[in-house]
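Quick heads-up: the structure tokens below are two forms of one chain, split into structure 1 and structure 2.
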Structure 1
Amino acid sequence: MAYRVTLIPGDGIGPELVEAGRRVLEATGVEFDWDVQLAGSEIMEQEGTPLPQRVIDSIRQNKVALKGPITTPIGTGFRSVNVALRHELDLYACIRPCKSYAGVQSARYQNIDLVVVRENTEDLYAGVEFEANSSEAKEIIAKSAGKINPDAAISIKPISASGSRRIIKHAFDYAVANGRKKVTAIAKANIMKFTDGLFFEVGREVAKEYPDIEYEERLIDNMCMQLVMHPENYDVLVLPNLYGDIISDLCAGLVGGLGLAPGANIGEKGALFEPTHGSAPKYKGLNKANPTAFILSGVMMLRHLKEFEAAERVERAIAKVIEEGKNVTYDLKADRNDPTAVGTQEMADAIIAAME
């Protein structure tokens, strides 16, 4: 029976990556019944919202979605569709593996195998913001005993024990299920004692339930340096939302760039798979972007669907194509202007050929 999966093409480089990924996934022989749902700025013009209810309903019903990136205008305009989807569906756990593939000329390290587990629903991404000079902002400023400038805009950073517990537990469960040895919790608890302090406090409690997994804590600033200097010392990382977002891109950079970094957003009611990267608007329609992060997100989806053999086959084919280094996109070359780089669809074709 075919799997019914919500397929969101997104915008920017999204539609071309989705096309490449769809072809690779179908070439495994696993059958899909794609429920294509459009969202983003173009839909905003037609339907008055960038995230129509039908998209959310489709994911609720199918419980599995594969998504291309969606642009978020900076400063003004609508709230991020990506963040809103995670909120609406309570997809609280964002899992982003960063793994070395042999042959990536742009990679600065070899033998990296890190997993970023990012909390997806709380923190400064909760969407509780007050404009400068609004009555709400003024009310908070009045209570701040002179700590906040009178003309400040304010974003609220909620971190709860329940939200921290479920994401940290998810990181430990992931470690157990995947034969990992260590979980590192990361925050800035020396400065934000109540919010980030609570995250660490819950981390210590949860760690007691998993005596076979090592647990440690790092401050986010130190962690950035540690990751750049000694990434091999780390295994599973668990972080509140904002730090997790930033560290995800840093870890992608260690293994060769965003073109290689897949992701999954998981909750009790569903799972949405999408790469770490955004819509890279400057490459839109150029058949230039690397499809690997999107295809690897599809591999994570295959594993979620328990199609392990198909997942292995796709991942082996990707590794082979990258190692051969002939049919890869510009970002995996030592010189980004290397004229032998191929396009998005050609790399997908090579992956399909390597599977056969």
Structure 2
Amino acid sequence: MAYRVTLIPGDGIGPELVEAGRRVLEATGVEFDWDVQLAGSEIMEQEGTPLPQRVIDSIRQNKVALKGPITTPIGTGFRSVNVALRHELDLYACIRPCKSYAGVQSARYQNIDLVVVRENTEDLYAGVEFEANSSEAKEIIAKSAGKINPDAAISIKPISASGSRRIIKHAFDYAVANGRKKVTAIAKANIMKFTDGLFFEVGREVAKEYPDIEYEERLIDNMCMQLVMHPENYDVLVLPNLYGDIISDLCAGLVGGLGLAPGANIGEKGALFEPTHGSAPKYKGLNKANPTAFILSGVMMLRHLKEFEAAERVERAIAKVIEEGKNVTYDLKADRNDPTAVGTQEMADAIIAAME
């Protein structure tokens, strides 16, 4: 039986990465029925929207999607196609593993194996903003007892008990399912006592339901320092939306950059897998981009589909190719101008050969 999966090539370097990743996934022997859907800046030129309704409908129907990076066109009314997908499909949990692979020349540390669990729908990224001098901004300023300058633009930071509970519970469930030992909740509750304070309060309640998993809390500023100094002390990190966005990039930097950082956006009714990096339009069509993050996102999808043996085979092959350092893209070479660097498709070929 073939898995019906929505496949979104994206734009910029997206189609090249998707082609490389598709070939690697098919080489596992797992059968896929790809439902190809177009989204992004290029489809915007044809249809007037970067996110046609049929893309959302396809993911709703298939429950699983694999997506290349997408450029959000300027002036479309979309803050981000990615954010729109998460909100439309209520993909509330963003999962971003950050793992060391031997042979990555740009890695700052070795033996890192962190997972960032980021809330996807609330916080400042909910997009509840009011322009300076708007009637809404003036109304809020009038109620601030002089704490807000009269010419300020306003962003609202919603943090709910229900939203906090489901993301923190997701982090604990992930820890249990993957043999993890500790969950660290991260916020700035000493200053934002009601919003971030609520996040920690809910965290303590949820932690009582998982007595075998260690639970701790860290302030976001201190956590940034701790991750740089002692990343080996941490396991699963759970954060509100904005902090999670920042920390996930920091953790990717520990292991060599966004080219090695896969991601998943998961909700009750669907899952969307995608690399965490952007579409890098200046590299479009050059067969130069590192496909690792996209292929590792496919590995996450395989595990979601419970194709664990296939997932392990692909990840082992990726690790082997990177450690050998021969058939890798320029960014994985010690010298980025190394003429022996291979292209996107050639690295995919090497990964497929390593699986065999």
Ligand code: NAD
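Remember, it's a predicted structure, so these values are computed and weren't measured experimentally. Residue numbering: sequential along structure 1, first residue numbered 1. Superpose the two forms; the largest set of C-alphas matching within 1.5 Å is the rigid core.
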- Query: Which one here is the form predicted alone?
  - Reply: 2
- Query: In Å, how large is the C-alpha displacement of residue 340 between structure 1 and structure 2 after the rigid core is aligned?
  - Reply: 2.4
